[in-house]
Each structure stands twice: as C-alpha cells, then as structure tokens.
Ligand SMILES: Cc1cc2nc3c(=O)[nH]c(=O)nc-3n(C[C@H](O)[C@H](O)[C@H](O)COP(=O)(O)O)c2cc1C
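Below, in structure tokens: the form predicted alone, a single chain.
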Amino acid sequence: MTSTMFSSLQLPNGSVLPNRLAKAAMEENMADSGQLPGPAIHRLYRAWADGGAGLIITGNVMIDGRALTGPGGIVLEAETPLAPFTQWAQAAKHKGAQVWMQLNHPGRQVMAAMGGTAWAPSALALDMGKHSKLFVQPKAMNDAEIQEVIARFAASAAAAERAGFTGVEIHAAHGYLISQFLSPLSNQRKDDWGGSLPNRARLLLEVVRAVRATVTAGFCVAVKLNSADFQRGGFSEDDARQVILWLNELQVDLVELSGGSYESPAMQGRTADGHTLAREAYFLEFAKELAAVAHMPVMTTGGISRKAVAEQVLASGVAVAGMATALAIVPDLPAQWLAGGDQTARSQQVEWKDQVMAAVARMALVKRRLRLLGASRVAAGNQTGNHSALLTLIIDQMRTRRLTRRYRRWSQARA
C-alpha cells in the first residue's frame, strides 16, 4: 500500500503530483506588513517542501483586502506586488512539489473588531451563541457585488500563476462565502443566486469558469467543498454529490472534501447536528461515496496523522490524503514514512466545557506551532511537549489585537 502513497498522480490537465500526500491548508495568520507573505512564511513553506509532501496547499489567501478571516491574513489582489509571492512559491516548490494557493472570501465569517466588509448571500449573522457578538452583521450582496467577487477570484488566480504557483484551490467549504451561498441555512435569497441548489451553486460554478478562463491550461484549478455542513437543514451529502456532478463538466483538476463551518466545526472533528465522525479521517466515508461519481481525483482532509490511516484513505478509492495539523507537528512526516518509518503526529487536545473557546484554543496551539516553524525554532521531526492551552490562547488573543490595529491602519490608508 505504501507504494500507492508514493506513486505519482496525473491530473486531468496533464500535470503530475509526485506523490499522494498533501499538506492541506491551515490559516497561518502570519502576514507581514501590507498583508504580504514575508520571511516567516517563506521559512515555514520551505520546511514543508523539505518534508516530502507531493502537494502543498497554502493557508487561505484573501481575494479582497476589505474582507479577511483574520488580521494576519495574506491578501492577493490584481495590483498587489508579486515579489513576496514569487519568493513564497519558490520556497514551497524547491523540492518538486506542486504548490497551490488557496483563494478565499470569508463572507460573514469576519470578526467585528476588524471593521471590514462582510458580504453574504443574506443578511443573516453567525449563530455562535454567547460569542455571536464577536462577528459582524453581514450585508446581503447585490448582483454587482457578486460579479465583483467572481472577477476577484479570477484576478487573484491569474496573479498566483504569474508569481509561480502551480495551481489554485477555490475555497467553497467551512462556511466561507461560497459555502454560504451553497447552504440553504445561510442563503435565503429569492433571486437567481438562491433557492434551488442550481441557483445556490451558481456562484461556485461561475467562479470556476472565470478562473479557468483566466489561467493557462497547465495551471491547476481545484475546489475545496464540504461533504456536508453538519447542521440540520444545511448543505447535505446529496447536495455535495450533485455539485460534483456539475464540476465534472468543468475543467477541475481535483476536489478536496472537508466539512463544517464556524457554527459546526466538523473540520475539527465536532458537529452541530449530532453526527458522529470517525476518530481519524473524519470525512472518509463521505469521500469514498463522492469519489465514485467524480471524474477528477478526490482528496480528503481531517484528522489524518498515522501512516496506516493514510494508507486506508488511499486504498478506499480516494486519490490524495491531505494532512494539516499533523504536518504542523511533524513537517517531514511524508519523508519519514517514505524512509520506512511509522512516525505519528500527536496533536494536543483541549477539552473545555465551552466548545467555541476550546476550538479557538486548539487553533491557537496550531498557529503557535506554525510560528515556531516559521522562526526556525523547531527542527523537522521534533515533536515538542504540550503548551498551556490557556496561556497560548491569551498570547494569541493579544497578538490578534495587535495585528488588528495594524490591519485597520493598512485598511484606512488604502481607503
């Protein structure tokens, strides 16, 4: 089975992944001034390049500087200077991996403190219980704003190609803008962009068409899609199946299947609808069924940290096994497996009564690890001991406030 893990994979456009292990996207929140990638990001991605993954997908890059998932987010617009992005691509590609930039618009999942633009299909705020006030009240988009978002995805993809990335992944999962359009819970429009699934999927399909028309044939275009929202009445597995059938008709090189949103963080192994996910490879059962109807290769991400589990994923008919947190803990895990090792990446658990704060603390621990890697303060293959989740969360909140002040100054200067 290991031979499958390290065999190459030809994609529909003819380009090749050197192996079937991918570094999946994690939000680094590590932008330099001007919301640009800097030396820390370059060092972090060089570590992953040295680590042996055949595909490296960046943390989400924002297509609109007015709307960020976090104040340390990286922004790539039509006029953004490309030199820092070229260095980023070179660092990530230097061992031969494919390197794709994940492109995203957060929609309503924007923190209120940032004061940015929160466009959404409908003016429905996030329901985060007592934490709801931390997020902005979104504005329902008009047709011109929808068309602007489509054009921005295409412009950012073209810029990514000019910078030297080998592909882009359009983020249509995890409750961000395109995912919001797909879900009947967040999309309650009565026009051509809402209601029926064909209307709700229209934004995704138009973005794919616009991106594909803008980049060259050899440049990869992938989509990250929820296998389900894991919220009652939300985007379902049947919906995901139909969307993949529509994507089959377009020039899509890979579909990554994940799940959940801020309201139901299935990507962290927890759901709001009571659905029980596997302890590892959370979405594998969904991915196996959806891969059966997909014309393009399918990748699944979520909780994969052991060699045996990655082998199980690939044996099930899924073409690529994606790892995120595991490669923050052990960035050279693929290289260790290739060398015959059986190393496991053990992530730190946070079991607090407040599930929202526990999820935030888990993300803070991962981001702390990414910053250590970016500062070259962790050797590859070194699993450090546990950090205090509470102290890490406090440090992360202080850092977020500082980055928020910096972002607001940058945003005001642009305006």
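Everything numeric here is computed off the predicted structure, so don't read it as measured data. In this text, residue numbers run from 1 along the sequence as written.
FYI, the form predicted together with the named molecule isn't displayed, but the following is about it.
- Proximity to the named molecule in the predicted bound form, defined as a heavy atom within 4.5 Å, holds among 356, 36, 40, 366 only for 366.
- This chain is drawn without the named molecule; in the predicted bound form, the residue among 108, 200, 307, 174 with a heavy atom within 4.5 Å of it is 174.
- The named molecule in the predicted bound form comes within 4.5 Å of a heavy atom belonging to residue 26.
- Although the partner is absent here, residue 298 sits far enough away that none of its heavy atoms falls within 4.5 Å of the named molecule in the predicted bound form.
- With a 4.5 Å cutoff on heavy atoms, residue 179 does not count as touching the named molecule in the predicted bound form; it lies far away.
- Interface membership of residue 302, defined by any non-hydrogen atom within 4.5 Å of the named molecule in the predicted bound form, is confirmed.
- You can rule out all but one of 114-122, 205-213, 323-331, 145-153: in the predicted bound form, only 323-331 has residues with a heavy atom within 4.5 Å of the named molecule.
- Using a 4.5 angstroms heavy atom cutoff to the named molecule in the predicted bound form, all of 59, 224 and 258 count as contacting.
- Contacts of stretch 100-126 with the named molecule in the predicted bound form, defined by any heavy atom lying within 4.5 Å, are made by 102 alone.
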